[in-house]
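Starting off, we have a lone chain in the form predicted alone, written out as structure tokens.
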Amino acid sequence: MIEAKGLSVSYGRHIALEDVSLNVARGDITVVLGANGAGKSTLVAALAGVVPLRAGTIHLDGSDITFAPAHRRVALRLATVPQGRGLFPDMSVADNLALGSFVTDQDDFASRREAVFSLFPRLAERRNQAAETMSGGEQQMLAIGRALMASPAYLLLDEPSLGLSPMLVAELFRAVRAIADRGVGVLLVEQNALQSLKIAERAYLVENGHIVDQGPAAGLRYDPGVIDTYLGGRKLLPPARGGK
């Protein structure tokens, strides 16, 4: 699993994260909820190695990667889908996917690409289309697909549902659940508590750079504070029988 302990990050005098600890297990979805400016994206950047830590440690499957550069973490099978997607807009779907595979063995490139197309059939239909000409939902699928081309053991997703219609959000979250069911550990950073708590195993709540609550996602669905703050007073229905 990913084990992060006591993470602190500062931007100048501004403390963005302070003493944050969390775990992400293989095959599980761990969701981090919080308002804008709470420190969620900084947490993703710290785990990905994009911003330096002021304090804390990060272990990946028992190995210390606290000071490993970002590209080394990708090679160790930790992939990131940043907020805003970070696609190459004038390049095709196929070329964007190919760029995601540069750190992995090329012998199974075709099978990994077919696995992405199986998860997101619309990418197969648009494989020769420029990324910038696709809808926001399709671009988000491409961003996730590109990360999956690195054959990650762990996937960091930063606000994947941002700006998408409810229908596309539901489709996207089904895909995220399918990715975890294949054995990938997923850290899902979201403001959409309603949808993310339905598919996650564990949840952390972040406010002003601190973890203020944590526990099984199923339990936090019915926490009065979570309901009032993140769900607008709405209670979530129990999952369907046999679901997660």
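Residue numbers here begin at 1 and follow the sequence given. None of the values given here were measured: they were computed from a predicted structure.
The same protein has a further form, the form predicted in complex with a small molecule, not shown here; the description that follows concerns it.
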TODO: State the residue from 135, 165, 118, 83 whose non-hydrogen atoms include one within 4.5 Å of the small molecule in the model of the complex.
DONE: 83
Open item on the list: Counting any non-hydrogen atom inside 4.5 Å, which residue from 212, 35, 50, 194 sits next to the small molecule in the model of the complex?
Closed with: 35
TODO: Please state whether all three residues 11, 40 and 159 have a non-hydrogen atom within 4.5 angstroms of the small molecule in the model of the complex.
DONE: yes
Open item on the list: Is it the case that residue 16, even though its partner is missing from this view, gets within 4.5 Å of the small molecule in the model of the complex, heavy atoms only?
Closed with: yes
- [ ] Determine which one of 40-48, 194-202, 179-187, 65-73 lies within 4.5 Å of the small molecule in the model of the complex, judging by heavy atom distances; exactly one does.
- [x] 40-48
